[in-house]
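Shown below, as structure tokens, is a lone chain in the form predicted alone; questions about how it binds or moves come after it.
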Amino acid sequence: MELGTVISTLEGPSTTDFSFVVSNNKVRKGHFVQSETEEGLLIGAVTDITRANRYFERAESIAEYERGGESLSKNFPTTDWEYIVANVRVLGVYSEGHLLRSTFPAAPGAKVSIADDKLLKGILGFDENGMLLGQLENHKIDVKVSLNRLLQKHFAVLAMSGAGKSYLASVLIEELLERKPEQGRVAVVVVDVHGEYTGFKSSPEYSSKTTVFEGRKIRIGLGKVSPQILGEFLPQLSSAQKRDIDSVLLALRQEKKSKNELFDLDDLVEKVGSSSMKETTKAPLLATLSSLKALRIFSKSDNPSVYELAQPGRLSVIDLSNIDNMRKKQLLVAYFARKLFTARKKSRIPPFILLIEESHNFAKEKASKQDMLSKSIVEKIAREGRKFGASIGLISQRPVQLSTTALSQANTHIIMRVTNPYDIKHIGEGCEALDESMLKSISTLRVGEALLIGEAVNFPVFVKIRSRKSKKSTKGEEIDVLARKFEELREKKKADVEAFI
């Protein structure tokens, strides 16, 4: 499809940009285009479109003329003087099966046409056997991204509340669960803060592959907690206090091991109480351990075990929606993330993807170690995970608050609508491939549209996310639906009481 003709401007054509006058009004911002040059087929993306008309250039003249009740368009051939110009960012020159750097500009007068679909798939780096995220905006091309390119170096989903982060994450999970053993299946573990992924359990296609672990029933087996991990759980302790509790923990472990018994936090508290350490050390230790005990998450064994959490081709949802205590949530995430990573390094579990909803609450940039217990392990997996097949997916509505270390290791960003100027600036600083035009587009994206940029694709692309197959959790329903259900339930209870009487 021919779209227009390359024109001369004050800035170009150059090796990086060119403009063309539009002859086909079907051209849209985001379209990929091509034009023949001496080097080969020049490929570019439309970054902006402007519309002009000589008759309407001077505002004072138009206002004066139409003040008399006359219409300029009725009395003059204004449509004959209208023209549209599209600006294009050059991606490269396609020659002999490769996309090369452009070293010679497009020629003024050269024709511009829509980019060939088959050619475009290869240029953008789509994988025919990859994960289907949706359709390329303005083109009828499926966006299929390589599993390795997306997960190997981690990814982040960034968007404001209600823009479709969880919807997109659900689409990604569906693609992972539908993979066959011969394609290579990973374990999917989701830290679900709002219960948005529990709908997978009630979806016929995925229920047999999904296990939901309720936050209230999750337990940390103290016998599996090393002195190092216990020290991280209690960052407020001094070095001397940590040494004392380490020796008590090791002694208790040896004692119970000789009897082939398990132990819990009550046993540790009793052991500290009966130890010979100084009272000045013992009292604050017992107070600190009591604060841990109040969380009611420690037991004699892990529930679930790391082997239950990570299974090939299965989804494990850690549902923290019924837990309000932020410290409790962070302790659970810190412990099980560390267990998963350690087990993966020893090849005891399959490669996994750990998806963390509201990740800025678990790896906040400006927070003390005492207030952010899970930050260090999130950053550690982000830095080292790719060497061992441990991938992390960060989902956040406040990227400006998210750990810079963790975010910088996420080499693919999937950005949906963001309107906060501080978040947009932060995203722009973290993504070198984002130009000014794309940055401006982030705030105008509609629900279900995303900008995919980074390792997973060769060039930034706008994607219309496909429809999900799994059921949406009732916790994500709209407020009018929830209000109606509440009243219906109340009326039913009232009717049942009256019938009983």
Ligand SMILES: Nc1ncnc2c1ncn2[C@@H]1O[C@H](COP(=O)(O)OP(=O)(O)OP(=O)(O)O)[C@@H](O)[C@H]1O
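Here the structure is a predicted model, which is why all the values come from computation and not from measurement. All residue numbers are counted from 1 along the displayed sequence.
Beyond what is shown, the protein has a form predicted together with the named molecule; the following relates to that form.
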Partner contact check in the model of the complex: of 103-111, 165-173, 303-311, 332-340, the stretch with a heavy atom within 4.5 Å of the named molecule is 165-173
Query raised in the report: Does every residue of T16, D48 and V461 put a non-hydrogen atom within 4.5 angstroms of the named molecule in the model of the complex?
Result: no
Students should find that, of L230, I84, M160, I141, the residue having a non-hydrogen atom no more than 4.5 angstroms from the named molecule in the model of the complex is M160
Partner-free chain; cross-checking the named molecule in the model of the complex, the single residue of Q397, S374, S391, T210 with a heavy atom within 4.5 Å is Q397
message: Even though the partner isn't displayed, in the model of the complex is I62 close enough to the named molecule, meaning a heavy atom within 4.5 Å?
response: no
Is there a heavy atom of E478 lying 4.5 Å or less from a heavy atom of the named molecule in the model of the complex?
yes
Non-hydrogen atom contact I465 with the named molecule in the model of the complex at 4.5 angstroms:
yes
_When the contact criterion is heavy atoms within 4.5 Å, does A52 count as touching the named molecule in the model of the complex?_
no
Those residues of 181-198 with a non-hydrogen atom no more than 4.5 Å from the named molecule in the model of the complex are E196
